[in-house]
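Structure 1 and structure 2 below are the same protein chain in two forms, each given by itself as structure tokens.
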Structure 1
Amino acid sequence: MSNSVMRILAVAATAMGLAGPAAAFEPSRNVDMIVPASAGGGTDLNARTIAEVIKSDQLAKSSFQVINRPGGSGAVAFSYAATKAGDDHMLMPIAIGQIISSYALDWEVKGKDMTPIATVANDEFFLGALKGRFKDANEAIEAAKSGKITFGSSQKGNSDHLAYLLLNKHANTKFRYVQFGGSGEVMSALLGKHVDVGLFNPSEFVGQVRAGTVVPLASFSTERMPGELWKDVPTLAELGYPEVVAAETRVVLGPPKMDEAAVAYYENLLRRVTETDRWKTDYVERNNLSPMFLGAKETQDFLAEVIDRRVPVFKEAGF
């Protein structure tokens, strides 16, 4: 059939309402992955793994390039994304804590202004202490009721800070929050006995746990994490504090006003990324993450629920 005949038939089908859906979106140039943090952290690793899997498994024709835009706990990257409204060639891998921060710290651009694409993994939180400092989590919680036990964590207004606030609120503790610039600084302070406990994602202290230097006292997850290192660590919910649940969920957003076809394309692409062997072994298993995938609509609902439940905790604390 000649091209001219095909065009005539296509026009006729459109006129009669028989044409199929509009052509699906596909990137026409490189896609920028804006990371609202410095290189080397958990969000940066997440973004670079996504980009590498897309390339190695040939999941897209375009290249996905990681660009770090740290500053203001994420506010700088959010403001930048606002200038890219309608840009279908930009993604922002982000930790849910930074989305919470946009409300808790009242940024000009907030999570609701962005376009939800997908949720790709869950990074659990653990309360850790030097071996021998406390017999177990219950002893640490009891000691913290004195107001003399220090709790090392990074930044304020994020998921780390939320975990601390929930613990103090529901366990009737008086942990004293000591803020650091990152998990590496928290670990140094813990090892130097400058703080009594620290908050960590598994990948941030797995080396010290294996060495027996640091002990995971309890997790902030809904269920115990599998694996030899974690399976015997109780959740705080198990210990009688079901409201003390927090995690650093890994989410991918788009800029404001992203086209629906582009959202569908990236949602499907990220789903395929999380189904690859490389993602499951080199990223999730190696970094002790919990596998998780939510599509765009599910992510939107999930974020709304988190904001509704968690931002009031910061307001109660004076934010």
Structure 2
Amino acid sequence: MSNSVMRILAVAATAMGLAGPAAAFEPSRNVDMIVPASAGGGTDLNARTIAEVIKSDQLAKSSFQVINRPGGSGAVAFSYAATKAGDDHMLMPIAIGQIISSYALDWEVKGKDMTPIATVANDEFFLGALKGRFKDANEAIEAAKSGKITFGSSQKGNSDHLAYLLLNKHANTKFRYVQFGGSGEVMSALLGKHVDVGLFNPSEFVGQVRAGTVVPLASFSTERMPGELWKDVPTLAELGYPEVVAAETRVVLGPPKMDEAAVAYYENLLRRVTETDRWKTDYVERNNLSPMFLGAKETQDFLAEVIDRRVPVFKEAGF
């Protein structure tokens, strides 16, 4: 083999090497969507909607199959993902609360070990109370300084709990945390006057708000939520507590060490999913979510902000 041939081969090899990252990644087999929760919950619905939209709008050639891996409020799925490091055919749609839990509850595998791909929707948090119980959020916050006002919520070491801790810390309140088995039980307790305020996602109490039995006092978001029912509800930031920000943000992660080209592919795919009409009306609107999209890099920064700036409040509170 002559020298020149070698040189040409070398050039060709380099060129191919350079072209490598540009050569778009395409899944070569079925993509597993690992849901870290049982069938029927919010995360499961999110995953199934993504898979459904990809299929019905033909956004990808390979098929996306939803697999539920519940257990340990997400720890089981995280441990499983750690064994799949570098697998480019696995996605994990997740609620940010589970990423928070991985730190607050100190799981072996934590949120930052995963590869961030995209943020696809936001489920806001509201503070709700029975109509007539408090005039507005300020009155509730003042009353809570006595330490006698109870705050119903459904999980510890999660985003609900984070919202509670941030409120108590920055508004100087002493709300009493009361834990229930789910948001339905919180609503029962609120309606039955067993607790004073409760933390709800819009979909969890929109029926009561429309009927006027329960009043949304304030939201934990950065901006007011649009819509007739919500536009007059102030954010806690507006009321003077800019650090009290929390929501059940819906994120899609990949296993640790996912290839960059694959991340770019899925990021683009999920962007297209969130741009479809079906996603906007059938999923976001109907479930009273807020539209939101962040790419891989922005999701990484966003998660880092939550983990580094907000999660330490668990330790401060002695949790």
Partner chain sequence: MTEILSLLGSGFAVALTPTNLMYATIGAAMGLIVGAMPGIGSLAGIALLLPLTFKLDPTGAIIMLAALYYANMYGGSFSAILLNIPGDSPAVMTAVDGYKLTRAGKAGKALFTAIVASMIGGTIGMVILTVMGPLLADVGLRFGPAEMAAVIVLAFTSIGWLLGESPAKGGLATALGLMLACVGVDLARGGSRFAFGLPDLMSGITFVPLVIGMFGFSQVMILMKDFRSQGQDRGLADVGRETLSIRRSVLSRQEFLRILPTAGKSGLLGTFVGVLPGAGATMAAFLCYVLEKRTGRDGARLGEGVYEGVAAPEAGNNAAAAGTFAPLLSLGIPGGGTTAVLLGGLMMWGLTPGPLLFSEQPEFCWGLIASMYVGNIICVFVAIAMIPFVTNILRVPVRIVAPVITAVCVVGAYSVDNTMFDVVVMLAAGLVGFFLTQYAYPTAPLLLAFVLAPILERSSSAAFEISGGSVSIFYESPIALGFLLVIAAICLAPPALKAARGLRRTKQPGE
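Definition used throughout: the rigid core is the maximal C-alpha set that superposes within 1.5 Å between two forms. These numbers come from a predicted model, not from an experiment. For residue numbers, the reference is structure 1: its sequence is counted from 1.
Visitor: Structure 1 or structure 2: which matches the form predicted on its own?
Guide: Structure 1 is the matching one, since it is the form predicted on its own.
Visitor: After the core is overlaid between the two structures, has the C-alpha of Val252 moved by 2 angstroms or more?
Guide: No; Val252 is a residue whose C-alpha shifts by less than 2 Å between the two structures when the cores are overlaid.
Visitor: Answer yes if the Cα of Val273 shifts by 2 angstroms or more between the two structures on a rigid-core superposition, and no otherwise.
Guide: Stays below the 2 Å threshold, so no.
Visitor: Superposed on the rigid core, does the Cα of Gly71 end up 2 angstroms or more away between the two structures?
Guide: Passes the 2 Å threshold, so yes.
Visitor: Keeping the rigid core fixed, what distance in angstrom separates the two C-alpha positions of Asn30 between the two structures?
Guide: Comparing the two forms, Asn30 shifts 2.7 Å at C-alpha.
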